Structures are given as C-alpha cells and as structure tokens.
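Here you get one chain, nothing else, as structure tokens; it is the form predicted on its own.
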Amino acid sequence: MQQEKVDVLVIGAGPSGSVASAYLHKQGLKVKVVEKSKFPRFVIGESLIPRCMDNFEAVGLLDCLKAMNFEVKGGARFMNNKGVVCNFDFSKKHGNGWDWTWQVPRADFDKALTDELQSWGVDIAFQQEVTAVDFSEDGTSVTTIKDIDGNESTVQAKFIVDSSGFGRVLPRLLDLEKPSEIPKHSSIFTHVEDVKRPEGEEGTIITFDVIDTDTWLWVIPFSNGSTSIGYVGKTEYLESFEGTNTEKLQQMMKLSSYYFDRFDGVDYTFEPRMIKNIAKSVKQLCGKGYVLTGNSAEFLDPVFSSGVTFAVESAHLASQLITKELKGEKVDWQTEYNDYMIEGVNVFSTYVKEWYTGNLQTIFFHSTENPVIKEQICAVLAGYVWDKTNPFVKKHNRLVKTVAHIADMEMEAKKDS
C-alpha cells in the first residue's frame, strides 16, 4: 500500500479547502488535498456575500476569480406575494468592508480555484475518497484513501483540515454529528437557460421571492446566461408535491406570480435535485490534530447565502492557527477558533431563526423604512457578523424581536386610525 507523509491533509477542494491549502502552501508547509469528486462538478452555494472577498484576497485567490467575469452581486432583493419589495445595497451598509461580490456557477468557480492552486504546485488528488482516519495521542493521523479503481493508500499528517462540505467526513467518522437548532427545511433546485431574461438590472439581480413565512424561491442569474432557481420550504411541504422532481418544481413555480411567466416552458438544465433537512451542526469544531471548516462543521440555511463566507472565514482562520502550532507556538483552539466561529454562527443563526418566525420579514416589508436600521441589517447580510460596532450584531438576540414588535405596533396603529 502506498504511503505518503505531509504536514497537513485537507479533505475537500471547494472554497474552504482551497483557501486553507492556499494559505498553508504559502507558509511553506507540505499540503495534500484529497477531493472525492472530479472537477468541474455541480454544487449549490451559488450566491456569495461580500465578507468572503476579504478571505480570497488575503490568500491570493482573488485575481483568478476576477478573471472569470462572474455576475457581480451588489445587493439582494426580497419581495413578498403582496407586491412589497425590500432592496438591500451593500454599498449602503454599516461600517467598512467590501460592497460587492459575485453570483457564481459553482462548477466554474471551484474549478478556477483549484486550477490556480495547481498552477502554484499544490497537490490536489481528485476522485479520492477518505474511508478511515486513525489519530495518535499526539494528534498525528493516518488517513486511508480509496481511488475510483478501489486502490487504497494512506496519508500520514500532522494535522487534518476537514473541508468536505456536505460530505462531512470527520463528523461521520468521529461521531461528531448533532441535530441543528435551525427549523427543518429542505430545498429543490435546478438551472435553466434564461432565454426570457429581461435586459438591465432586472435580469441580473438576485431575488428572494417570499411565498409565505416558511417558503421562498431563489432566483440567481449568472453571467453565462443561465440562472439558478430553487425553492426552500418545510420538508413535509416540499414532499407534498407529487411526481418527479421536475414535476414538483414546475408545480411550485406556479406559486410565484412574479417569476412564473419568465420560467414557464423553459427546459431545466438537469433534473431538479432535492436536499432534505439542510441545516447541519456538530458537537465540536476542532480536536487534537484536526479542525472542521465550512459546511463540514455548520450549515445554517441558504436564505442569507452565508455558506461560502463561513467556509472561507473558518478555513483562513484555521490555516493561520495550524501554521502557528506547527511552528511550535501555543494555540488556544477553544478561544481562537471555536469561540470566534461560534460567535459569527450565532449571529447568523438568530437571523435565520427570526426569518422563519416572521420577525425579520416584518422588518423587511414594513411600510416605513428606517435607513439606519436598514444599513445595520445590511452589514449583517453582507457577512460582517463579527463587527461589534453594529448594534444588530452586538444585540442580535433581542434587537430583531424588538424592532419587529415596534413595526407590528405601528401597523396596528395605522389600522385603528
């Protein structure tokens, strides 16, 4: 059996694994990336938020992405079935930071990242599946890998970064899974050739079309002329639609009075796929000799497009701490990694939960906008969830409820007047 020794083994070559391996490689560490799929491959997580740009820039991966000419995302539009629209403009947010990002077909996006890394000399082994991991007391590990022909090999590493996304390799192998506190929702989605796309901003803006408190449609246009469409709703509701996944999504598209005509009769690029109970969680984010990053650790909900940002934020931080540890410096993983990441996750979790209670929707679709509040919420939607100068970050647990309650009282007062 072939054996290999490296400093760091990275499981998964998506954005999280790419950012981690980019940083570690630039620090002179020997890195090996193993990826179960062959790239390019389809994956969801196509809407980014601005905070992720900081991390791509920090590890030297921004220029290769700019060269791809992806659709620029400068904000997001939310609308409901009463015709009320709420537009967020990332250039009008609280605090500093990037005010734009991209809407991306992830097959092209992820391939651009791995192509760049390979041009640097990073070792990426595609179509390699991790089947077992054994840790020693000192945190070193031996990982068993199987290729598509069934041949096995091992990799000995001083540290493992699990960036396997929905594959969740170490959470499965080490029994780290735990139920998420986010309500159980599922999604059904596909791509279309957007042949009826309107000219101008209407044709390119990302939109969340809210059908009811629990159900919404995403529309994510790409610069290549295709568009991602998908519904999120309670699992039992999505399962109530009959037929194939194509027939289910076609029935659901009728729920959107705004988008039905645009996508009626348009062929789906592939049979719609469904992911059930999309929120995921784990018992711990790190342990002796390993760290979980991105969706292999926590995945909340696609409503605010936080997935890739948490993936690259966690990967960049983890790779910095691994470098320190391998250089002999002391690292407090609980404080420097776990507590930091959980702090951001908790902020976004509040917004996801309050979206599905209806409180956040009340604020978004309130008839009278407060520009200061909107700027502060916009900063959260842009991914700047560690900025304590923002009251909607610092007091996230109660401020959304409070503002929604005030909005409800104002609406009641208008009814009574």
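One rule holds for the numbers: they count along the sequence shown, beginning at 1. Since this is a predicted model, take the numbers as computed values, not measurements.
Not on display, but discussed next: the form predicted in complex with ligand FAD.
Q: Looking in the predicted bound form, any heavy atom of Arg41 within 4.5 Å of ligand FAD?
A: Looking in the predicted bound form, residue contacts with ligand FAD include Arg41, since a heavy atom lies within 4.5 Å.
Q: Can you check whether Pro272 is within 4.5 Å of ligand FAD in the predicted bound form, heavy atom basis?
A: Close contact is absent here: in the predicted bound form, Pro272 is far from ligand FAD, nothing within 4.5 Å, heavy atoms only.
Q: Could you tell me if Arg106 has a non-hydrogen atom within 4.5 Å of ligand FAD in the predicted bound form?
A: Flag for Arg106 set to yes.
Q: Should Leu24 be counted as a contact of ligand FAD in the predicted bound form, where contact means heavy atoms within 4.5 Å?
A: So Leu24 does not count as contacting ligand FAD.
Q: Could you tell me which of 152-160, 254-262, 122-130, 83-91 sits within 4.5 Å of ligand FAD in the predicted bound form, going by non-hydrogen atoms?
A: Partner-contacting stretch among the options: 122-130.
Q: Heavy atom within 4.5 Å of ligand FAD in the predicted bound form: which of Phe78, Tyr337, Tyr290, Phe189 fits that? Just give me the one.
A: Selected option: Phe189.
Q: Would you give me the residues of 1-38 that have any heavy atom within 4.5 Å of ligand FAD in the predicted bound form, in order from first to last?
A: Contacts from 1-38: Ile11, Gly12, Ala13, Gly14, Pro15, Ser16, Gly17, Val34, Glu35, Lys36, Ser37.
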